[in-house]
Ligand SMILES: Cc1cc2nc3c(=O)[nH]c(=O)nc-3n(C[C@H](O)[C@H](O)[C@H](O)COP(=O)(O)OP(=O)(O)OC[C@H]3O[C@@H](n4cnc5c(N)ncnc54)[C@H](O)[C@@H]3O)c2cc1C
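In structure tokens, the next block holds one chain alone, the form predicted alone.
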Amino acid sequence: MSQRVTTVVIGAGHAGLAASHFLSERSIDHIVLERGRIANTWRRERWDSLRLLTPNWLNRLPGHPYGGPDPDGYMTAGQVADFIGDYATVTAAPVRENTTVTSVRRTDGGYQVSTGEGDLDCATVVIASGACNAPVVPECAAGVPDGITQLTPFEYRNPGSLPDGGVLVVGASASGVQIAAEVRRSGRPVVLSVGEHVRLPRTYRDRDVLWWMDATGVWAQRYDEIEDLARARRLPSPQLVGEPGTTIDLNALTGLGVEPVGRLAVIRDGAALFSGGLRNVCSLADLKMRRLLAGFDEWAGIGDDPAGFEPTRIPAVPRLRLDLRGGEITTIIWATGFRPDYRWLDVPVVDEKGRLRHDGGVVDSPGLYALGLPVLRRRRSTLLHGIEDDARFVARHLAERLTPRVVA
């Protein structure tokens, strides 16, 4: 026999717990389902040295600010998990851990959520399972010769866990550049395949660059004010690392000895072939960074040009071909992005790209909502401090839908 509850929240990360906080404020009975432990992704699917990209002073959840001794530092993955876990305790969130959702189906009264522990019938569902449930690996990975170890950021832990030899890192967003730097510092040769990327300095005019993003209102921009929303939701994470004052752009990497090459085009006959557009993609990233910094200066009333940022240095003749059978490379790390996984969702609300169809978190099925997705309602939607506005809106919309059945 199914259990009846008004709302089921899927996922006990920061987004799901923020939803729970606002549902509780409105006295809406609900259950939060989590496939593992609270903040499971931060506990199990991060490499050892990973730190949050946002400084601690910026990190907060609804009613739960950072209260530690290092406001200018950056949390480790374990500290993030503890921060979220503490929030669950403080808010007394009704979480059921180790409960995997196997399907969500429409019913006459709303939805049936099936789990390995039984079924729940509910009027509304909040999907807060995240946007990074599975790594994206290009189809050309099938052409990698036998004997080369292939990993994703979910599987990578540290350089010591890799076989001896050179490493090809594919992808130059935050994950790719951080892993490339760490592996290179261990003494291994590293080749970094670079496609579209977002270059940012860690600090700008003596302040963390994310202070500028927050203070100038860039992150507060609403989803319905963005000209190309689909593109904004696909942007790679910026080239940042959670180390005070440390910039990790391509100039920093080449200074370490990392060899940049163009975007991986194909693997054919045991060789990786790269695009010849490396100079162009780097020039575009440089241009966008300078425009952003100039915008910060305009906001601050500073007339000087952004200074101290030389163009990205690339080899005079970047390599276009890398023999994967010659022994130079023993490991490939696919830092090529992540995707959500909705295979359990038996409601036709997922597009051909595997993304939820929604309008600011209101999914294209009555009573179904989403939280924690890129630019859900604002540019900061996926960040810890960005969830509050989104979760408050979703809870209000959900409550209005339930009225007068639940809300007095």
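Fair warning: this is a prediction, and the values are worked out from it, not measured in the lab. Residues carry their position along the shown sequence, with the first being 1.
Omitted here: the form predicted together with the named molecule. The next part is about that form.
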### Query
Looking in the model of the complex, is the named molecule within 4.5 angstroms of a heavy atom from every one of L253, S275 and F309?
no
### Query
What stretch, of 346 to 354, 64 to 72, 359 to 367, 49 to 57, brings heavy atoms to within 4.5 Å of the named molecule in the model of the complex?
49 to 57
### Query
Looking at A93, V101, V209, V281, which is the one with a non-hydrogen atom within 4.5 Å of the named molecule in the model of the complex?
V101
### Query
Using 4.5 Å between non-hydrogen atoms, is R35 touching the named molecule in the model of the complex?
yes
### Task
May I ask you to check whether L384 falls inside a 4.5 Å heavy atom distance of the named molecule in the model of the complex?
yes
#### Entry: Close approach of T76 to the named molecule in the model of the complex, 4.5 Å, heavy atom
no
### Interface membership of F338, the named molecule in the model of the complex, 4.5 Å heavy atom rule
yes
### Task
Select from 6 to 27 the residues with a non-hydrogen atom within 4.5 Å of the named molecule in the model of the complex and write them out in sequence order.
I10, G11, A12, G13, H14, A15, G16
